Structure formats: structure tokens, C-alpha cells
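Single chain ahead, written as C-alpha cells, the form predicted on its own.
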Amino acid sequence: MTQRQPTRRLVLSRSAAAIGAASTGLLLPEIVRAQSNKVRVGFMLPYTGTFAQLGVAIENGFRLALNEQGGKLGGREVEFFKVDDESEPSKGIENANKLVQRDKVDVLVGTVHSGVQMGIQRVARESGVINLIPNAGVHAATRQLCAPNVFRTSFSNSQPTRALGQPMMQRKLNKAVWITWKYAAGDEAFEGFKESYTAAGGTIIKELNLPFPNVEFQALLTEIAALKPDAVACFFAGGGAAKFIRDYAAAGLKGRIPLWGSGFLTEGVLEAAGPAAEGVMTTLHYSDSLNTPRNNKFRLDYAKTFKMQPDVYAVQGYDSGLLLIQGANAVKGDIANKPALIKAMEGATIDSPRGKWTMSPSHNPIQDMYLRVVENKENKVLGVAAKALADSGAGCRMG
């Protein structure tokens, strides 16, 4: 699906406008100009494949934020356009250009997959279109390839794991094995773990990895058993994470060697992981069980609107909407006033379901990371693992 199909109501209203124009002698260009007064927002998200559920959650969250403003941005109506990015990096530039060149969007919201984001990043840097990243954690987006018009509302890949070191060492888990897939997200997650764990006094006795998305963990789990570390820290996500958790327990490691990880290890996989996930410790910028008035209201509103429960991806989409709303309100809907819009978004404080956060100089959230434990198929919050954690923004040169 490349563009939202007009609803029957929209078609009827356009027909009525055309008839009205004909009866009063107005010219067609005037109708077109009136319609173009809408803010044009493009979603470039995965709507098919492995990440389809994430794309839907992000769009739902974004729309919920706008619904709270009567569906408007800075008082202006909004028109939406959609492109399924298929989580296919080779089509990243082409798909981003569909929204920027063909649909002439003012704002591009995307995406989930870091490889696809690199294509969007290039188009955004060349065209100057506002790009809101609601998930992809690739470091380059807010480091060496940062741009004034690109803002991330989620996390950098090393942020969640950068919060692991302190709580692990507080529990005297002095020696750890690290395991992940060998790909960019795994490498970047390791950067955060290595930095925080060694700084807290921990020793990484072995780094283990396997090709992405391989899920044959047995040989590596046998090696972990032989190494006898105090703990295992990891980065896995999705179906592979569920299988890793189950295999970890089946190998007899559960209960003997504590399992820790980036929060994506247990996001959306607790049903699939089953009892094996009980007791797994993670750090992340959100948890469904965060018991605050702000989160409780968001969860209720989301469930009422979409008849499903929100997750971390829905929160990130919602926060993308909140950020854009703050910017649009500051410029009274004049999205074309890029310098003022960007300045307002840079200075925004987002009152998020995850807790309030601000934007770093390289346009990445400065946010709390929560320590969570799996209890009864829920990520229960134990406290804050790292307060107001920022990404380094290394290599970012705005301008």
C-alpha cells in the first residue's frame, strides 16, 4: 500500500466541493490550493513481514497523539500518506522518495529497521524534510550522520544496555559472558554494555555471537555452561529472543546463571517464551506495568481507540506525535518555517507515558532506563536503572 485510499466520506466531500466550485464559477486551482493547506504527514513503516505489528503500533500511537489535538497540527488539518517499507534496506531511498518527491510530505515518520533508516537518512539530509524516527536505533542517525531536520523519539541501540552495568554489579555479578547476533544492532548494543559494565568494575570473560538471524544456540549455550560466568548479558529481539530464552532454560542454565539483557529480549515475546522467561532481568525506557497516572491514562485511551494493548512501539509512535505537536503549535502551524520548528522541537520536554524526556543536542532522547524483571508474564518495574541517560552523539556535527 503506497498511499491511503480516500474514504467514501472524503470522496463525497471532494465531489461536493467541485460541484460548489462549478456553481460559483471558482477555478479548480483554488480548490487544490485550499486542500494543500493541510499538513502532509507520510508514514514509511513496515506494514507486511516480521515487523508489521510494530509498524501498526507506531502509526496507532502517532494518530492517538493527534486525536488529542482534534486531529490537527498547529490548528491545521492533516493529510496522511503511507508507504510499506517492507523492512527492505535496498528499497529505502526509493520508498522515501515516493513520500518526499511524489507526495510532497512535510514530515516523514519512519522507520523500524535500522538498514531502511539509512536510506531515509540520506533522503532527509538531501531534501531537508522533517524526519521523525519512531524506532530504528542505529547509531549513525544521531551520531556521524545526524542532521538538524532528523529527530529520534525512541532510543539509540546502546542506550538500554548502557543501563545494565550498575544494577548487575550491585548484585555482585562480577564476571559476565555477552551473547548476541553478529550484526549492527548487536554490535551497538554491546558497546553500551561493555562501557557500563566495565566502568562499574565488571569483567567480560567472553563475547559470543552467531550470524543474524540464526537461532541455533545450543553450541554457544554449552560453552556458557563450561565458562561458568556470574551472569549472561545479551541482545536479542522478536522470535529469536523467545527461542533463546526457552533454549537457555532447556540447557539447564536458568536458575544457575542469571540472564540479563536489553529490554527487547522480553518485549512482546513473553507468551512465546513461557515459564522460561520468569526472573529474566532487563533494562528499557518503558514497561507496560509502569504504574503512573500518565501511563495508565495512555494505556486506557489506546485500548479504547484501537481495541488492543499498547507496547513500547506504540509509545514511541505516540511520542513522535507529541514532539511534532509541540513544534507545530510553536510555529502556529507554519511547518514551512523550518528553523523555528526545529528550534521548538529541540527544546521540547515530552510528557510521555514512559516518563518525561528531553532531546539531546544530537536529537536523541535523554531518558530514564527502567530495571525490569519478568514476573507472571509481565515486565515488572523494579526501579530506575539509569537516570536521564543520553547517547554520546559522537561525531555529530549539526549544520
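These figures come from a predicted structure and were not determined experimentally. Quick note: we count residues from 1 along the sequence shown, nothing fancier. In this text, rigid core is short for the largest set of C-alphas that superpose within 1.5 Å between two forms.
Only in words, not in the display: the form predicted together with a small molecule, which the text now covers.
- Using a 4.5 angstroms limit between non-hydrogen atoms, N135 touches the small molecule in the predicted bound form.
- Within this chain, F190 is remote from the site of the small molecule in the predicted bound form, having no heavy atom within 4.5 Å.
- By the criterion of a heavy atom within 4.5 Å, Y47 is excluded from the residues contacting the small molecule in the predicted bound form.
- Put simply, A185 is close to the small molecule in the predicted bound form: some heavy atom of it is within 4.5 Å.
- The three residues L173, W260 and M281 each lack any heavy atom within 4.5 Å of the small molecule in the predicted bound form.
- Note on the partner interface in the predicted bound form: the residue among Y286, Y318, F155, F151 having a heavy atom within 4.5 angstroms of the small molecule is F155.
- The partner is absent here, but in the predicted bound form a heavy atom of F264, alone among Y248, W178, F264, F80, sits within 4.5 Å of the small molecule.
- Remark: of stretches 215-223, 300-308, 111-119, 270-278, the one touching the small molecule in the predicted bound form is 111-119 (heavy atom within 4.5 Å).
- Comparing the forms between the shown form and the other one, the C-alpha position of E267 differs by 2 angstroms or more, with the core used for superposition.
- After superposing the rigid core, the C-alpha of V83 moves by less than 2 Å between the shown form and the other one.
- Relative to the superposed rigid core, V138 undergoes a CA displacement smaller than 2 Å between the shown form and the other one.
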